[in-house]
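Next up: the same protein chain in two forms, each one alone, written as structure tokens (structure 1, then structure 2).
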Structure 1
Amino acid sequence: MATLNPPIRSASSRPPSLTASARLRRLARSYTLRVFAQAVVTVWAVITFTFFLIRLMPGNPVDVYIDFLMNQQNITYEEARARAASQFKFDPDANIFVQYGEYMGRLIQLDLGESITSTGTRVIEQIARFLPWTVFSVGLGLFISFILGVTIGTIMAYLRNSWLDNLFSLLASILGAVPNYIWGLLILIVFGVQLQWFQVGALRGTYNSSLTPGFNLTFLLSVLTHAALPVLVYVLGSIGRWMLNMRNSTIGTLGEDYVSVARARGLPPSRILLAYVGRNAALPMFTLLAIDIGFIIGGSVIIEELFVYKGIGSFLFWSISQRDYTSMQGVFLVITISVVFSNVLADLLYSQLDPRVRVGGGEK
């Protein structure tokens, strides 16, 4: 029914200037590049840091291991040293910086050395075995808590200062305050052991070991049920932060002029909610996402150990308790790299949603 007045003058038929959009695209690329460069520098710094930490620490693991070999296998210092050198993959007589160079060279070829305790196993293979489970459970937990928390936070903002909002604020504070492994312990004790809603023992591991991995329903179901507890705990541990932050961010956005103007323009409420309020309010969440990823992956060491979930976190703990320093070093690097590149991912996602960052750069 509604019509527009015919244009007063006919629209110009000049094609949109390519230079402008090309320039934009180039800037976008350079932003991506900068984010990646930063990430690579961070990873390099962590590698260097751990290398020197492990080598220069008083009673460093190499010496400890040499001692251990001498005592255990009754061999001479030289023999033990040679053995250690081959396992740690370094030339003990070389200058530490030469060692460092060689170490970096091998790292670039993804060679993280051999496991000390299970000789013959390459650390990188171990990592490839355990990492996917952590990526899967942490990723799923983060995804669920992000979506749920942001949705509830938005609702809280729309109903701000109602009893529902107050209740959820309190709940969110409590959820966020209690450490996630404490939630894990509570769930195990209350629902697993006391109420026996689930069989604690049966949920250990990453899937039912009697099944052969494959792309079938029973296996996938088994994978999901085994991941359920860690995922639940990751969700409980971080959903409170999403709720509160999204609530405050949405309340701030609801007060923005462009939201009032959008209403004055007669836009439908759904469009205002999604494209005007939601999208702007969610932007700061992506910076938080980066911090949360690191936090959850860090916490997975405890959570995986608690639920006997065989991911990279429990592998890190295992290698430390076995004094398997090569594995430990490798796993720590991989965890750091995962966190750093998750950060990159969050950054790029952010830049996709906020045109100001893409072009302006600068502030993170």
Structure 2
Amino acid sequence: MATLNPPIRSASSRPPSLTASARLRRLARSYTLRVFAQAVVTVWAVITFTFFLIRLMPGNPVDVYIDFLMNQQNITYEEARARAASQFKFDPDANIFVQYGEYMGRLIQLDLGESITSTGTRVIEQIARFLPWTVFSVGLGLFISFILGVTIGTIMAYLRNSWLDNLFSLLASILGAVPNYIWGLLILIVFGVQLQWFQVGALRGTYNSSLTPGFNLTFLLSVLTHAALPVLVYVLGSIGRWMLNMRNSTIGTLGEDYVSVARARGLPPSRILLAYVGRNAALPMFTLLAIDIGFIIGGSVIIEELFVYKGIGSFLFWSISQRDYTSMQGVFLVITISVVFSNVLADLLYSQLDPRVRVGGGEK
């Protein structure tokens, strides 16, 4: 039996290879590349801005330490300054542009430097110590508020203009209008101090200090107990927005033609809810969720100080009070990267949902 050989294509029939300039033009039109390039420039600009901004704050690490020694140990300024000079490697009189060049040089090598006030302690180690607790507490609060808010918002849309919808709308408006730190103060004062439903002092920290960290039930319960109040505050502060956004998105989806066609075909209400309404109404919510993920790190300073929860927000507050420049820069860098690239994630996600956002018809 004769075998058929594939036709041999002549050199003239092959598609011409792209030139270097054509490849560069094609790469420049890439939507994803443009988004990431803008993100990198934004991170650099914010890093530079915060570097100079924190050095414009009144006082510096040496002055703060001198004031502490003079107030606590009742010694003269000269004695306190001499002890501060031996304590810190930081020179407050060094040229600020030289400091910036040295900082950027270390940053390119992924080195955040050492803490000024805690000699010998690397900033990256401090961030690695405190960051997981903030990600756990704020992330858990965001997850719970998102699930509850989307669920309740869908129910509100299906029961729109009913007494239950009006009640939930009023509740969501109140929850969204009150800042989360106000909820934290109310919980501490009303339920902790006045009603004494819990011992405020016993819930300080991230877990019971008498326990050894490990994957065991006792330690995990202690972690959840200490994180319960911050998580509750995060839920109260954000669930109202999810409820109202999901309600409005679901109402808009219910008015679409494909939902009317599905009802006319006699499809079960449960299938219409899951396959037609819920899936499409929740798409904008996931975009907002991607953006909110970036604010996990930076939105915890007041709450963690309020409940004495030792996360990255508490560490940032301490760094600011001590004027620990390198620690502040390290935390601000982490916050900046998380916020910028969460917006990149949301931008790319939305470009997949709606290709019209790709400006100028650029390629992916």
Partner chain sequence: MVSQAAPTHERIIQTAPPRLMEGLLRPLRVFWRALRQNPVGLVGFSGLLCYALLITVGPLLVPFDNIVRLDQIAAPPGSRQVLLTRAEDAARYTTLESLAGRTVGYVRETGGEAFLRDYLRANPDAFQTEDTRWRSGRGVPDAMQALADGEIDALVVFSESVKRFIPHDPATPFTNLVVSNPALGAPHLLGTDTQGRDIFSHIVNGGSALIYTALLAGFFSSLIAVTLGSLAALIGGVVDNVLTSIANFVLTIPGFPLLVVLASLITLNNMVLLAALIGALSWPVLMRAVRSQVLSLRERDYVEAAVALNLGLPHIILREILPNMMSFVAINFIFAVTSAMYQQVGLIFLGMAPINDYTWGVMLYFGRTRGTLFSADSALMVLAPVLAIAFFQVSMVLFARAVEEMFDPRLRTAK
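Rigid core: the largest C-alpha set superposing within 1.5 Å between the two forms. Nothing here was measured: the structure is a model prediction, and the numbers come from that model. All residue numbers here follow the sequence of structure 1, with the first residue given the number 1.
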Inset, instruction - Name the structure that is the form predicted alone; the other one isn't. - result: 2
Inset, instruction - Using a rigid core alignment, state whether the CA of I75 is displaced by 2 Å or more between structures 1 and 2. - result: yes
Legend entry - Rigid core fit then F317 CA moved by 2 Å or more between structures 1 and 2: no
Inset, instruction - Spell out whether the Cα of I291 moves at least 2 Å between structures 1 and 2 when the two forms are superposed on their rigid core. - result: yes
Inset, instruction - Please state the CA displacement of A37 between structures 1 and 2 in angstrom, with both forms fitted on the core. - result: 5.1
